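Quick heads-up: it's one chain on its own, the form predicted alone, in C-alpha cells.
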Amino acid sequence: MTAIIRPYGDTAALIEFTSDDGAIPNAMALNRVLRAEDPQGIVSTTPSYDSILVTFDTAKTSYSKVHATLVALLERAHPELNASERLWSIPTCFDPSFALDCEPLQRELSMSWDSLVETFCQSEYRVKAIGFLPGFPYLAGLADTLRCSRMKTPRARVPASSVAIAGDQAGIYPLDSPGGWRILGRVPIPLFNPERQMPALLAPNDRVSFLPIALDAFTELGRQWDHGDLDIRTWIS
C-alpha cells in the first residue's frame, strides 16, 4: 500500500493514496484498522476519495507518534477482497416532471433530451465517497460530453431521490435539501433510512448503472416499496 503521510496543521495528519481505483479500498482498509485499533490520542478519522484525515489530541500524543502508528498500520491494512464487488442497476425515471433541468441542460450541452439520457445511462459509475448529506453518493464516471456547470443560485429544495450531475460527477440526493446540481430524474426508493441496519443504500466503491424506466413503472416500484413488496436485492449483481 503506497501512501504519503504529512502534517495537516498542528493537530492532524493527512494520509494520501495514489489516485487510481486502488485508492478507495486502501483508504477504507486503513480507516477500518484505525477504528479497530483506536490508537491512544486519535480523536477522529475522516476518509475521502484518496486520503484520510486523522486528528489527534496533543495532550495525549504527538505527530511523530501518530506518524509511526500510521506507518505500522499501513503494513497491516489490506482491502477486503469482496468489499467493492457490488454492481447496482438502479431503475430511474427521466420523465419531465422529475427532470428539473431538462431545458437548461439541453441548451448547455447542445444535446437532445433523449441523447442526453441515453449517454447518461450508457456509463457505469463508481461511488467515490459518501457525503455531504447522509447517504449522498459522489459518482465518478460521467461522460465528458455531459460535464456541466452547477446552478449559479442553488435551489432551496431538491426532492429526495433526485438523480443529478455537476462538473464531472453524478449523484443522488438522499433527502429533500437545498442543492445546485443539475437534476435529470428520480429513483423510486429512498437512498437513506436511519432505521435500516445499513442506513445508506450505497457504499464507497460500489458500482452503479442507471436503468431508464417510464413513469408508470416508477409509480409501481414506489408502491411496491411502500408496501414492503420490493426486493431490491435483484438490483445487485
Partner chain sequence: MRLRFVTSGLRTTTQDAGRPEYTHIGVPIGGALDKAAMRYANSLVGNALQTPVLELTMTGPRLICESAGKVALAGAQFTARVNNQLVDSRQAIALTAGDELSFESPTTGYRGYLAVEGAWQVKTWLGSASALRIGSYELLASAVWRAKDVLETRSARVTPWPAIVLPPTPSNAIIRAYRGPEYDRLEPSAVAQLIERPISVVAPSNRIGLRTNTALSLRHSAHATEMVSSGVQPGTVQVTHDGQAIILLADAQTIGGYPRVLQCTSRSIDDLAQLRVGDQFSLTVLDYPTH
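Given the structure is predicted, the values throughout are model-derived calculations rather than measurements. Numbering follows the first chain given and starts at 1. Note that the rigid core is defined as the largest set of C-alphas that superpose within 1.5 Å between two forms.
Here the subject shifts to the form predicted in complex with the partner chain, a form of this protein not shown in this document.
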Quick one: which of 124-132, 88-96, 108-116, 140-148 gets within 4.5 Å of the partner chain in the predicted complex, going by heavy atoms?
-> 124-132
If you check 188, 171, 204, 179 against the partner chain in the predicted complex, which one has a heavy atom within 4.5 Å?
-> 204
So in the predicted complex, does any heavy atom of residue 216 sit within 4.5 Å of the partner chain?
-> no
Contact test in the predicted complex: residue 16 vs the partner chain, heavy atoms, 4.5 Å | yes
Consider residue 28 of the chain shown here, and say whether it contacts the partner chain in the predicted complex, taking contact as heavy atoms within 4.5 Å.
-> no
Even though the partner chain is not shown here, does residue 43 get within 4.5 Å of it in the predicted complex, heavy atoms only?
-> yes
Even though the partner chain is not shown here, does it sit in the predicted complex so that 9, 47 and 197 each have a heavy atom within 4.5 Å?
-> yes
Return yes or no for residue 228: a CA shift of at least 2 Å between this form and the one not shown, with the rigid core superposed?
-> no
C-alpha of residue 219 moved at least 2 Å between this form and the one not shown on rigid core | no
Rigid core superposed: residue 41 CA moves 2 Å or more between this form and the one not shown | yes
